[in-house]
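One chain is shown next in structure tokens, namely the form predicted on its own.
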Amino acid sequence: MSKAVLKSAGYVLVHVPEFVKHTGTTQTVERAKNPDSDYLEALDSHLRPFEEVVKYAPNQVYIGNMVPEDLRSIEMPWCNNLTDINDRFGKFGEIMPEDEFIGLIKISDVFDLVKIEKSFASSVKEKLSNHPMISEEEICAIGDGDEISEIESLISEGNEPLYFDKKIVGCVKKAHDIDVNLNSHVMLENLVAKASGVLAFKNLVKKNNIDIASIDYVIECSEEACGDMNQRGGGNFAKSLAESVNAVNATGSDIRAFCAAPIHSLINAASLVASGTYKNVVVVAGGATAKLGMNGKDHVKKDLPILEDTLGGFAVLISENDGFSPIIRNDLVGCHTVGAGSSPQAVITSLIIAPLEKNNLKVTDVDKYSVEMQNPDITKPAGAGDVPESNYKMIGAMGVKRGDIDRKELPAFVKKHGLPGWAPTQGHIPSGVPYLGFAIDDLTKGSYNRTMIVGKGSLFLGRMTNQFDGASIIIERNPGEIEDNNAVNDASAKKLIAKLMKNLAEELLAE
């Protein structure tokens, strides 16, 4: 069997302050329970302008204009110490403003569910005409827009409004009169996931000069569910994304596993390529509106801006071995099995230690671990601490227990083999995969030989099981050897010759 390689990566953020207010679960629940709350009153004054979002160091790391280690030299909270970088485009992708994104939602809509106001449509088309990845055909798909009176009438019938700069600029219509799975709120969630996934896919292709016709399979791994009353969550986001980016030779399917889905998807993608089933597989995911402003109450209490104001998206390309790109060791995976147990020690053992032991490796033989790369600027004010650092301490502690490192070396291990978190808390988005773009450089141009990507998931959220979930996979420097799948090795040749000789002898005896 041949090896699959990690070929390229793309990352996007979408700044959506109005979506925070009107679609984030924390805010919508608060509005339903306590519409006159102090928190809702304070929301607008704690939302950041686009310029601050662009200059925010973790966001610049996410799109590749800075490296993760740069964050160590910036005093926290990082939101109080903005960078001088004012570029919305980076090595890996981009940060898109809200008005452009609403235009992209309209472009992504193929059932005419999205209505936008005429003057807003004109403004957005002008802005998107300067975007390097939006075609003239796509801009034409926005149309001329609709009268605000028509949009307000649709909203009065229970359809979901779209806001920009505190004004209604459009709406998303329900796709069925009585099917709750196709109501306007669900359609908005799904269209947002699709549009942000499309943006990530476009950046992957554009930034890495990928021949879109060469992609033959797409795996989508966000946390939304696409379907109707007869097959709730049936899918298929993947094929809709492939259609939107004109990947005409691709098919695809969705993988759902809460936060762990990206790692399950990487394992599946690498296995599909290694087996020869497909040559070029894209793993992609858009963002989740429900998680916007998730910890907003704690941020406002501490007089911080609401930092969960961006949707996340990523896309990575897994391809056949080219003799250069990092190899994905789909034979060295960690998995949280049904019988593993849910204690932190059990989780680390199944996800980290088990695959290392399989290859007689120490915890120090992995140059960098990418775990739940959540931004501590977001999680620490909410009382969740520094999530990546906690994971690295647990990995180091297991290393101490195994005798891989001395106890006094634990702080140095955390710094050397860990990374500061920089990803938005979008569930699946921070789950190991934000490092993949950097891993490509570190395992080719850099000095690293091995990394491990780790994802965890909370299956109990679906109320079907109390089980925990998780998966990990090791990615290594390419030794420069390309397998010849058509070649017959020595052992196979000897067996074949022996079989032929036996058959010949039997035929001669029979004569």
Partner chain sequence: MENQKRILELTEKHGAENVLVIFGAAEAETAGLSAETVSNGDPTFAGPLAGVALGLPVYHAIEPEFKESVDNDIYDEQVGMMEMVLDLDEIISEMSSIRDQFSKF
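Residue numbers count along the first chain shown, from 1. What you see is a predicted model, and the numbers here were worked out from it, not measured in a lab.
Unshown form predicted together with the partner chain; subsequent notes refer to it.
Stretch-level contact analysis of 418 to 426, 241 to 249, 156 to 164, 403 to 411 against the partner chain in the predicted complex, using heavy atoms and a 4.5 Å limit, identifies 403 to 411. Interface residue remark: residue 33 is counted as part of the site for the partner chain in the predicted complex, having a heavy atom within 4.5 Å. The partner chain in the predicted complex is approached by residue 394, whose closest heavy atom lies within 4.5 angstroms of it.
The partner chain in the predicted complex comes within 4.5 Å of no heavy atom belonging to residue 276. For residue 72, no non-hydrogen atom is located within 4.5 Å of the partner chain in the predicted complex, even though that partner is not displayed. When the partner chain is considered in the predicted complex, only one residue from 398, 294, 182, 205 comes within 4.5 Å through any heavy atom, namely 398. In summary, among the residues 359, 236, 81, 390, the only one with a non-hydrogen atom within 4.5 Å of the partner chain in the predicted complex is 390. Contacts of stretch 325 to 350 with the partner chain in the predicted complex, defined by any heavy atom lying within 4.5 Å, are made by 343, 344, 345, 348, listed in sequence order.
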